Structures are given as C-alpha cells and as structure tokens.
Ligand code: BES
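For reference, the chain that follows is the form predicted on its own, supplied as structure tokens.
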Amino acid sequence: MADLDSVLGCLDLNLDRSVERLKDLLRIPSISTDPAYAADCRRCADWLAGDLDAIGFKARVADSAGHPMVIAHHDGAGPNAPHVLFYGHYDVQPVDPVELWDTDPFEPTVRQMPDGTSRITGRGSADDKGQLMTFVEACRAYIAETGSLPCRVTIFLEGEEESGSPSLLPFMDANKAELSADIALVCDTNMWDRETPAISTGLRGLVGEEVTIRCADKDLHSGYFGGAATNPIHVLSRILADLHDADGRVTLPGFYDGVPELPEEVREIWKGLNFDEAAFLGQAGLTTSSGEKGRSVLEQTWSRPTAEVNGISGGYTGKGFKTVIAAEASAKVSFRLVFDQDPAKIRESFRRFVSERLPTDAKVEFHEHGGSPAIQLPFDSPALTAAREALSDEWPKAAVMIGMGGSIPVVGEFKRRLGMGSLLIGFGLGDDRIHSPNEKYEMTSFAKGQRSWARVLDALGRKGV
C-alpha cells in the first residue's frame, strides 16, 4: 500500500499538469467521420503514441485501412503479472451545430459552476479523451513513483469508433497475438451517479430479423376480394401478437434457455440504487412498465431478454386512403439477449415460430440483420471483486454492479476474437452531453478517475484476474 499511497499523492500533486495535457489533446480536432480531418486524426494518434512512449511504454502508431490505431506495451511487474488490455478511442464526433456551443469546441475551457464543482468543456472531453487519459495519467504516476506498473499493460486506442469502426475487426484479426491479454479494461461508460462508481457487468446481445409474408401475387381491390383473400397484414399481425403471453414473457420455444435468475446479492444491490421507475418511464411520456410481470424495470432492461417489433410495413401508407388488400407485409423484429442465450438458436426458433403459423397461400421470407451473444462477466469474478473493492475505496459510496441494456460492439469482439472478458469502468455522467454541443467532463471524474485506475491496477496486480 505504500507504493499506492505515493502514486495517489503524485496524481494529486500533478493534477494541474494532467489537465493541461488533456487540453492539448482536446485541441486536436480528430473527427473521424469527416475526411477533411484525416490529418488531424493522425496527428492525434501521433500525440498519444509520443506521450505514452515518453512515460515508459513501447508505443507505435499502427496503420489500418482507415485512421491509424495506437498500440503501446509495458512489461509491468514481469511475465507472471496479470496482463490487461486497456481500450479507448481518440476520435470524436462532429461539432455541428457549432453555433450552439458556448465556447470554441476545440479550445477546452475549465469552468467553475455555481455549486462549487468544476468541469472541462470541449469536444471529446467525456467521449472519450478525458476518460482514456484518466488511465494514462494513472500509469504515468505509477511509473514515475515506482519505476513500473503492477500489471503488464497493453493500451489499444482506436481512431474510428465514432464512425462505425470499419477498420477495427480486420485490424484485430491481423494483430491477435499483440492484442490478447487476460482481461480488457474499457472506459467508455458512466458512473451510477456523482458519488457512486459503477462496473457494468453485462451487455445485452442482439438478433435482428426482417420477415416478409406474401399471399396474393398483386395488391387486390378490397371490395372485390375482401373477406375471401388472405391478408398478409392480418397474418403478420397475429404472429407478432403471439410473441408475448399475457404476463409479458416471450413465447418462442427455448427462448429462456441460458437465462438464469439474477443472484440475490445483485438483486439487492439494484434495489439499493433507489432507481425511480416512474421518472424513468415518465421522461418518455409513459406511466407503466409493460414488460415481464413481477420484474423491476432494472431487471427488464439489464438482465432479461426481450422481443421487440421495430417496424411494420404493408399496403398503402401514403396520404389519403386506398382500399387495397396488400400482396405482402413486412416487419423488423429484434431480440435483446442476456447471459448464455444462443443467437443462432433464437433466430432458428423465431423462423420456425413464424413458419408454423402460416395459413394456406401465405409464404415467408426472412432477412438476417446481424446477431451477437450477450456479454456477461461472472458476478463472482476475481477481477470484478478486486475492481469493485478498489473503486469503493476511492469514492464516497461503494461501487455498484449495473447492467447495460444496449451493446458496446468492441466488448463482444474482445470475447469472440481474442477470448477475453472485459471490465467496463468509466467515470462519465448522464449529463455530460456527449455527441452534443457543450460536451463536458467533470473535474471530479477526471481527478478521481485517475486515482481509481491506480487503485484498480494495484488491486489486479495483487489479486489477479
């Protein structure tokens, strides 16, 4: 703990310098989606590689089919130490509409707020430059104070996350050996609130399907054929309605295979979050949860699978009115998966479910729209336990384990392509305005984020992953 104390002291002493480094990074307009900023993206990669090289990493800028990647390695405490891969991205979103910014989006400004807090504003301050620099600064202080790191560390910084990561998967496949580690650390997430750090333990997977049902060989006059002709909109509507029972459960055979009950310890932690279900639904103009009966909203959105109809089309949908029986009807359906659900089995079950309900004269076509399994870190994982204790030592309130209803694609690819799980630890807040004008990052997040990563590295080095 003596080494950790000196590292934490170093971070506190050099906070102003770390803020200036963050400002320098934020001044680089690394907008990946706009070709006009390609040179700035490379300049940003060069800046990061140079900074990492200067503090003791072996860093390089690696070309890809698009914007370059940054890869850096540090041997840490030696070959027997745990090996972590830290992932972040240096590219940022466009700044439009620029007239809604209070200050130049690429001239970062630290502002004192009426409540005594302070924040740094600028594009990329929270997403993801401020976040990734909390880890870099923790490494800087550790190396400065001890000459090494408690873990072997690989840093992998992408330059196309904000433009769909078109080069990421080919690059990962071509560099598997260099990028493989015991566990990945991902910082592109939020805290639960300003005083409560969070570890995201699960990301839901996804299966996307488009189904088209055809009956007649052309649209029909509803006066001539109505009552006799099979209407594909009716057929499709009945099938979609059959996807859920009266209690909100999905009715596909085998759908809940691989979906265990939430551990009671985790359920109690979620209860302790004092999540306001009414406020959550109210922000969307809703009043009542329509998911599985007997489940909290957090369970419904974090740890339970779903079937959702995302769009329906068929017949005449233009202005006015047209009395036709459509020849075909289509729907886009998505399934959010949890735990060990198998995307291929879910897709097969859905297609069989639809086909078995087709009447005479109805034919069906399916079009796949991707599929990926859920990512779930075991709740009793040594890495999770160590990280949770480390974060709890730093913040006013104990760290909580939360779920995420959506997906972070790179986390799934780390599991599928590199065979490693991930710890999702970030220090953003829900009001950071990422992707919007006046993006900001709280200075508390930046300062305590650095200290948090120092504690996490120390804990992983001592307790393993």
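Bear in mind that the values here come from a model prediction, so they are computed numbers and not experimental data. In this text, residue numbers run from 1 along the sequence as written. Here, rigid core means the biggest group of C-alpha atoms that superpose within 1.5 Å across both forms.
This next part talks about the form predicted together with the named molecule, which is not shown.
Scanning 235, 327, 377, 206 against the named molecule in the model of the complex with a 4.5 Å heavy atom cut-off leaves one residue, 206.
For the options 282, 164, 382, 170, the one in contact with the named molecule in the model of the complex, meaning a heavy atom within 4.5 Å, is 164. Using a 4.5 Å cutoff between non-hydrogen atoms, residue 409 counts as a contact of the named molecule in the model of the complex. Among heavy atoms of residue 400, none comes within 4.5 Å of the named molecule in the model of the complex. Though the partner is left out of this view, residue 28 does not reach within 4.5 Å of the named molecule in the model of the complex, counting heavy atoms only. The named molecule is not drawn, but in the model of the complex it has a heavy atom within 4.5 Å of residue 89. No member of the trio 214, 251 and 367 reaches the named molecule in the model of the complex with any non-hydrogen atom inside 4.5 Å. In summary, the region of this chain contacting the named molecule in the model of the complex, judged by heavy atoms within 4.5 Å and restricted to 71-79, 170-178, 155-163, 274-282, corresponds to 155-163.
Taking the named molecule as positioned in the model of the complex, the residues of 167-201 that bring a heavy atom within 4.5 Å of it are, in sequence order, 188, 189, 190. Residue 406 shows a C-alpha shift of 2 Å or greater between the shown form and the other one [criterion: core-superposed Cα displacement of 2 Å]. Put the two forms on the same core and the Cα of residue 283 is off by 2 Å or more between the shown form and the other one. With a cut-off of 2 Å and the rigid core superposed, residue 132 has a Cα displacement that falls short of the cut-off between the shown form and the other one.
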